[in-house]
Each structure stands twice: as structure tokens, then as C-alpha cells.
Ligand SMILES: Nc1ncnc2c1ncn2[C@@H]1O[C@H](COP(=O)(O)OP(=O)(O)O)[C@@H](O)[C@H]1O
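One chain follows as C-alpha cells, the form predicted on its own.
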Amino acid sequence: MILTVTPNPSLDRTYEIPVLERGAVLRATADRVDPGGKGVNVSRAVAAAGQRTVAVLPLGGPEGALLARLLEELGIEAAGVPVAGSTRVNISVAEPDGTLTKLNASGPELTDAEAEAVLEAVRTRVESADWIACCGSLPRGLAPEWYAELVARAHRAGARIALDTSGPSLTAALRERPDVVKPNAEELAQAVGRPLATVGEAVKAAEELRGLGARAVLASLGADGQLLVDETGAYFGTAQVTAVRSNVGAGDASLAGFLAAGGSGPAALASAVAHGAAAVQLPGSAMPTPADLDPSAVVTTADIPLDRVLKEPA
């Protein structure tokens, strides 16, 4: 079972339009609403693969009630922690060429008691979890050290931790030695304090994160592929993608694929790449099912193209 923790979940509404025109009245050609937040997306991808997952998350207001109902409809057990504020609603506008414009709300401010209640909800379920995936930004009211405390408590209980966050929250948590951290290229550059222009520079940055405490680094490099750097070495994975429809949640799908395949080694990296490639070809923040995956399109290797220039340098 994969337990996910999403401190700042959301309802994600996506509108597909022909072209975004500022100041105009636009009519959507399609729209959808999905349960959102990085950890929630990981749970959705795990559930889509037919595996058990439990989502721990604060829920408030009618938006929180709808989020819980949507998770239940997907077969995901929602371990909701009641909070006074309302769960946020995020808006994404997708254009046919793959351009995505996002409007993310800040979400409710959690009290100390509510923050502790989320940690307690994790504690009561940690023994049954194969992995705990802690994902996303922290809501208002939570100090950057909150994730570090969660990692420390989970490790004391014998659990393995995958952490997908950025900035001070990531830096603070590294000292507790999370088993896997999953930055994208921009977050990886931020963590080491310098821009990354090539795949080789991304590998060096991942090695630095390992030196700061991360036991393994799974880094998403967008269209350039994904890196896995752990105690056995560095590995690189890519996949052919026919057309990008939406990249919302693609990194979360990758993490789900990685953990569902065991959470270590080249085989897990291949699963991560396959899940990420499938996700970008789906609408909104839809998560891929096994039928959407194309393992034959994935190539993983320890022969990393260190000189390859990143398409979107961070």
C-alpha cells in the first residue's frame, strides 16, 4: 500500500480552449474537474494501476467534501483531517499546442492543532504502508520544517519516504535522509543555487542532494527525460511522446510509477518514465491506466548524455 500525504490539496478544474486571449470572453471546448494536489495525484495514479492507496489530507468546506467524494469514486480511501478553512480550487487553461496556463489558489491556513492532526493521521496508518509519498507545497501556517518532522517520525516507525517538494521545505527535510526526493529541473536548480543547462549538470546537482542527505534522487527533466541517481550509480530514461496535451500531474504520475515498481533501480525508473509520458498525452490532470502505458517507447541507460543541452534550462 502506498500512503500519500498532501498538506495543501485542491480541486483542479481544467478548461480546453482554441487559444488564450487576454481580456476576451472565451468558450471552452471541453472541461473537467479532478481531485488535485501532488500527493492526491500520486494516489490517483496508483489506484489507476489497481494498487491500494490511502490519501491523508486536510479537508474543509464544500470543496473538501467534493474532493473526498471524487476520491471515493476513484476507489481511493481518503483519510481526511477536518480543517476550518476551505479546500482550494485551482484553474488550468489548456491550448491545443500544449501551452498550459495555471491559476493556483493559496489554500487555507492550518492551525498548529490541524497540522499535528495530519501528522497523527499518518502515524496511525504508517505500519501498513510500503511507501509514504509526501508531496507538494506546504499551506499557510506550516513551517518549512514540517516535512522534516514527518520524515523523521516515519523513519522512526520503519517506513520508507518519498518526498516531492521544493525550496526551504526540501532543504530542511534533507537532513532527515528521505529515501527518495523527486525534484523537477527547476526545483533541482533551486536546491543547489545555480542554473542547470545540461543533463550532466543535472546529474551533478542530484549527487549534491545525495551529499546533503537524500538517499536517491529521481529528477524530472521535462521533455529531456528523467534521471535516477542513487548509491548504485546514475541512470537516464527517455520515452517517445506523440503529442503533449497537458503536463499537469505528469511528475506525480512518474513518482507513482516509480514507487509502484518498487522504488529503486532502472526498472523503477523505466516505470516512472512510462507513466510520465502517458500522463502528458491525457487531458487535464488525468492519470494514466495500464492501458495508456507504452513500455516499448521507453529507453533507460547508464550511459548518460552528459553534454545534452536541456530544452528548458532552469
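Please read these numbers as outputs of a predicted model, since none were measured by experiment. Note that residue numbering follows the sequence shown and begins at 1.
Here the subject shifts to the form predicted together with the named molecule, a form of this protein not shown in this document.
Chemist: So in the predicted complex, are 57, 87 and 108 all sitting within 4.5 Å of the named molecule, heavy atoms only?
Modeler: No.
Chemist: Would you point out which of 49-57, 22-30, 259-267, 274-282 contains residues with a non-hydrogen atom within 4.5 Å of the named molecule in the predicted complex?
Modeler: Contact criterion met by 274-282 only.
Chemist: Classify residue 64 as contacting or not contacting the named molecule in the predicted complex by the rule of any non-hydrogen atom within 4.5 angstroms, answering yes or no.
Modeler: Residue 64 lies outside the contact set for the named molecule.
Chemist: Wondering, does residue 184 line up within 4.5 Å of the named molecule in the predicted complex on heavy atoms?
Modeler: Yes, residue 184 lies within 4.5 Å of the named molecule in the predicted complex.
Chemist: Is residue 222 one of the residues lying within 4.5 Å of the named molecule in the predicted complex, judged by heavy atom distances?
Modeler: Judged by the heavy-atom cut-off of 4.5 Å, residue 222 is in contact with the named molecule in the predicted complex.
Chemist: Would residue 244 sit within 4.5 Å of the named molecule in the predicted complex, counting heavy atoms only?
Modeler: Judged by the heavy-atom cut-off of 4.5 Å, residue 244 is in contact with the named molecule in the predicted complex.
Chemist: Looking at the named molecule in the predicted complex, which residues in 249-272 have at least one heavy atom within 4.5 Å of it?
Modeler: In sequence order, 250, 251, 254 come within 4.5 Å of the partner.
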